[in-house]
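Heads up, the chain below is alone and in the form predicted on its own; it's given as structure tokens.
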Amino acid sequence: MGPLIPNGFIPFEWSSIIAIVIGIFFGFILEASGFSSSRKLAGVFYGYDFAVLKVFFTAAITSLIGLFYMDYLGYVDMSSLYVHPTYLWGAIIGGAIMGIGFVTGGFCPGTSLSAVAIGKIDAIVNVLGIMVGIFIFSELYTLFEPLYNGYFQGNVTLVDSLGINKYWFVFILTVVAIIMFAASDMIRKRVKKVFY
């Protein structure tokens, strides 16, 4: 049955509209969950709030388990799902830049837009910084292109890279998540509470 658009159950022309609707709901949930607060988001780096780690890790594992079950039951063909190509240098350098921006600004790109929607000035400054970065990258693309396209790995997944059974991968990742959640609770109890 799924994925719905590649298999023709939903016309391709609807993809942008569906993406916008999902984006609006995602932004609403981010704001309703308090993820438009830079102090809450930055808390994961300072040890006083691990909600971001728990929510996003739980979401990833839940969707992963759900997809495998739906594939097992014949509702989704996993081989038809899009896997983004991996450019290792771009991923490492881009990840480092985003990580530094996240720690200093207190927002990731998605949460910054959610905070802009409710008029937070620090988020507006953060988004302006992102736009300046995009402008510089696009203007100097020929200079950055070797790094951007460097060390192309193809459309690989973690399961492909590690060479282990996909069900074992899900099990191990779930165990890692439980250990991380327990460890984060222990750290949070030792760190002075921050009110925001």
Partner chain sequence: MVNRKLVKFLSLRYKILAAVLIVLAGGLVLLPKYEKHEGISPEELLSKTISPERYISTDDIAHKIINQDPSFILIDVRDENSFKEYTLPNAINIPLKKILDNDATMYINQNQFDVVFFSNDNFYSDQAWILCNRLGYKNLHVLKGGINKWFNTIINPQKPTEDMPKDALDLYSTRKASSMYFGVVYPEQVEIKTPEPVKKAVPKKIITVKKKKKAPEGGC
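Nothing here was measured: the structure is a model prediction, and the numbers come from that model. Residue numbers count along the first chain shown, from 1.
Omitted here: the form predicted together with its partner chain. The next part is about that form.
Which of these residues, Ile10, Ile20, Met186, Ile178, gets a heavy atom within 4.5 Å of its partner chain in the predicted bound form? It is Ile178.
Could you tell me which one of Phe152, Phe135, Phe56, Tyr69 places a heavy atom within 4.5 Å of its partner chain in the predicted bound form? Of the listed residues, the single hit is Tyr69.
Can you pick the stretch from 127-135, 143-151, 161-169, 35-43 whose heavy atoms fall within 4.5 Å of its partner chain in the predicted bound form? In the other structure, the partner sits against 161-169.
Using heavy atoms only and a 4.5 Å cut-off, decide whether all three of Ile61, Ile65 and Thr174 touch its partner chain in the predicted bound form. Spot residues vs its partner chain: full contact, yes.
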